[in-house]
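Only one chain is included here, represented as structure tokens and corresponding to the form predicted on its own.
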Amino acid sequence: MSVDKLKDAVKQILNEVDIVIGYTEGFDKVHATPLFINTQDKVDQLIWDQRCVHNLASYLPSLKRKKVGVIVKGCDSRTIVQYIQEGLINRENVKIIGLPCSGVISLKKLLKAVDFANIDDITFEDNGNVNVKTEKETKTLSLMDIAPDKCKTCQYPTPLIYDILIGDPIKSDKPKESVYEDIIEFDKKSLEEKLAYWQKVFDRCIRCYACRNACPMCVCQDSCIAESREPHWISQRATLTEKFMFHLIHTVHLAGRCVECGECERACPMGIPVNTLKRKINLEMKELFDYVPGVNPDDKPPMYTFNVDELKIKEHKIG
């Protein structure tokens, strides 16, 4: 897809909105960064390639009172669908430019693949190869080898909702069974093994809240239970018990809402697989309520409704 087509689309809607959110070059060759466009001269700063990892839809609730254009990948579009379901944005105020996506890079995997050498340049080929020039050598890598795990099981490479689609739609070639394959395998472990795993993992947590801050569905950060003193559920002590408490609350608050964009895991400086917990809950939602977050704007999230009798849940009678 030519980036010129994207620029033309942004120019087309710029007169209809207050701002358009896209991507531009970051502080070095491997980083992209969000770009806020409110004048025609900024359009030329736009880029679109496998470095464009951020979920730009995250900005929409804070700009609810403005007319906003936003560029989204398939996984990002699920966030917009979820926002519509929860009434967090006004659909008529949002112009969505959709970009079919064949995968993005994971900076953590990329740096590991080049043995953490300084990267001078990076280019992307249409065949899925990534050429990385470091201070020592030039290496050719496969995009799927350095892509985040979400790309390897992605079911929605083409945005589910858009006003303008740039490029040809891409149909997923990933089997649906692969999405939660790792979760199902992990569930085969004993309770003791699971506990030992998460104790080891969460012991690395530094309570920086990067996972929460990056999450597009954590829309109540100003009154987050992790920092609230009224009520005071969690202390600021960095004990394993407090870390567990925070992560489990974060996970439960996303029940039936997590769109699996992976931003929480990407933002974590300690390499904690925090998205695994959310995906486990999503698997339960799928099995119990036949519900997948962020797919159909007309759906109601299961936790937003109440039925006296759930079809797949047997109530326990007391007494």
Partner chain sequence: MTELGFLKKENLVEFLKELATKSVVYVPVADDDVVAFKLFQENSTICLDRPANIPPKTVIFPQYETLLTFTFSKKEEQPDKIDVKIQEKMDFKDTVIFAARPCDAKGFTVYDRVYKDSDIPDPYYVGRREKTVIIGFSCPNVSPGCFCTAVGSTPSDKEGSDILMTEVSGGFVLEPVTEKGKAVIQSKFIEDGSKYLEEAQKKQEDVKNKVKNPFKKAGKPQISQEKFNDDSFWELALSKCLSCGACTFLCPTCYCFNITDENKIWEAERLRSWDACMFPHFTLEASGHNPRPTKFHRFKNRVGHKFLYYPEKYNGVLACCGCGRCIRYCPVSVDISKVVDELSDTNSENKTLTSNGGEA
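Positions refer to the first chain, counted from 1. No experiment lies behind these values; they were computed from the predicted model shown.
Another form exists, predicted in complex with its partner chain; not displayed. Remarks below refer to it.
Checking 95 to 103, 145 to 153, 216 to 224, 70 to 78 against its partner chain in the model of the complex, the stretch whose residues place heavy atoms within 4.5 Å of it is 216 to 224. Annotated contacts: V201, R204 and A210 all touch its partner chain in the model of the complex [non-hydrogen atom within 4.5 angstroms]. Using a 4.5 Å cutoff between non-hydrogen atoms, R91 does not count as a contact of its partner chain in the model of the complex. Although the partner is absent here, K112 lies within 4.5 Å of its partner chain in the model of the complex, judged by heavy atoms.
The closest non-hydrogen atom of Q236 lies within 4.5 Å of its partner chain in the model of the complex. None of the heavy atoms of Q40 is located within 4.5 Å of its partner chain in the model of the complex. Only one of T140, N118, S172, T123 lies close to its partner chain in the model of the complex, with a heavy atom inside 4.5 Å, and it is N118.
Along 10 to 33, residues F27, D28, H31, A32, T33 each place a heavy atom within 4.5 Å of its partner chain in the model of the complex.
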